[in-house]
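Okay, here we've got a single chain as structure tokens, the form predicted on its own, with questions on binding and movement later.
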Amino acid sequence: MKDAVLVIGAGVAGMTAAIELADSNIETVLIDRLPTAGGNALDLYKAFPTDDCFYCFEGSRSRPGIRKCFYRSALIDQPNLHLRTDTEVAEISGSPGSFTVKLTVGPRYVDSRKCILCGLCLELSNAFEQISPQCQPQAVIYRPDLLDDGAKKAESDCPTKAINLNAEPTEETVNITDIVLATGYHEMQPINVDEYSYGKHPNIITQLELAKILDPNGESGGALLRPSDGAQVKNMMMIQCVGSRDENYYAYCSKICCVFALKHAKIVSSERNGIGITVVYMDMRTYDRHERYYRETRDSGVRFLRGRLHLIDPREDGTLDVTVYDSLLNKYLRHNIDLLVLSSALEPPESNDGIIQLLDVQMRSGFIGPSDPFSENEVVAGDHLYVCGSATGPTEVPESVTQARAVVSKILQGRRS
């Protein structure tokens, strides 16, 4: 590869940048530490405010105007794009415009070029999994911690000999001119926030976990069932600002949590008839076009309560008695619910610390900031270094795509000058 660009993170922003760079005839290496591309979008089900599939976007500049699966359309048929999953940056040397990057590539237990998704290994062992119907590479993944006799039989019986349970990690060195940071975000797991009892009761979950339940491709087929016993949910409550806007955890607003919750409340109210929904909030922040989304959700029958959680009391029947302070009525209200959903803070991934140290870029609340915070170059993190999407902080999909395209524009401008 010559004059290649490295994109770190294969979520929506990283995929957008990589596809458009490759379409511009630039050799592009797209890496992700997970075994499949897609990032958080793999688990988000529908995109707000349109409620389209998260992958239903214009996938390639060479296919203008066609609403095709964003996830598949250009990752697998673009010769300039080299996807490396289960891969991390081990070392960066050289100088801006001429980086040498050493990559650590995880064991290739399943050869994606040989896997035909026949399903044999999935039948024989729980150690194999197909993460998503849209997954790229199109192959099952193997979890060595779940090794059993079935996995060994799957290896021997695989019709294309795609499985190698003894695979070892490898290293790869690439010469890079520019680096794009699209490392995304992580949903906070509020295990240590005692007031919410997360991790102590199965019917207390996060918004990302709710998205997985609502997904028709999930275990319940999209039915909203209690995790504790599989019973139908009749009443649910959402609590906003869990860990965000909180000096003890994250002082910043996670920006898209309100709309994230509204998306799920709207899906439940419109597609899962008869389920009562209450959203407990401090301030409902639905900026710009999302205000109409809020009004439509409210008009659909979702109840909004301004206040704070006070007490959670689990009952023997699996339900939860939840006491909430209503700041408008100035009184405490008690609700009996089947499911409590926490809108947790969106936090920077742990991998950001290593990247920030390797590249000496600016940090902003744990996310990656621009090299000059007073300029309009939000996507410029340094000389030949760029950042986009939720690597900059909590960001919605259209904004991530716009930033990724801005990065591509900057790189193309640099090559023309």
Partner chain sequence: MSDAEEQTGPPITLVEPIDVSKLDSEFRKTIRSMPNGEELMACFACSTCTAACPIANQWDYKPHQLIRMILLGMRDDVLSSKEIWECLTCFQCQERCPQKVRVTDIFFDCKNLAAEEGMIPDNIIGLARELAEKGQLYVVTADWEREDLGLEPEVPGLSANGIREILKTTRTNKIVGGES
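Numbering follows the first chain given and starts at 1. In this text the structure is predicted, and so the values were computed from the model without any measurement.
The next section is about a form of this same protein that is not shown, the form predicted in complex with its partner chain.
Task: Partner-proximal stretch of 292-300, 223-231, 195-203, 94-102 relative to its partner chain in the model of the complex, 4.5 angstroms, heavy atom - done: That would be stretch 292-300.
Open item on the list: Does any part of T323 reach within 4.5 Å of its partner chain in the model of the complex? Heavy atoms only, please.
Closed with: T323 belongs to the contact set for its partner chain.
Task: in the model of the complex, L311 touching its partner chain (heavy atom, 4.5 Å) - done: Yes - in the model of the complex, heavy atoms of L311 and its partner chain come within 4.5 Å of each other.
Open item on the list: in the model of the complex, does I131 come within 4.5 Å of its partner chain, counting heavy atoms only?
Closed with: No, I131 is distant from the partner.
TODO: Evaluate R84 for contact with its partner chain in the model of the complex, applying a 4.5 angstroms cut-off between non-hydrogen atoms, and reply yes or no.
DONE: Contact with its partner chain, no.
- [ ] Check each of I163, L340, L305, L208 and return the one that places a heavy atom within 4.5 angstroms of its partner chain in the model of the complex.
- [x] Only one listed residue qualifies here, and that residue is L305.
TODO: Can you tell me which bits of 329-357 touch its partner chain in the model of the complex, meaning any heavy atom within 4.5 Å?
DONE: Going through 329-357 in order - heavy atoms within 4.5 Å of its partner chain in the model of the complex - the hits are L329, K331, Y332, L333, R334, H335.
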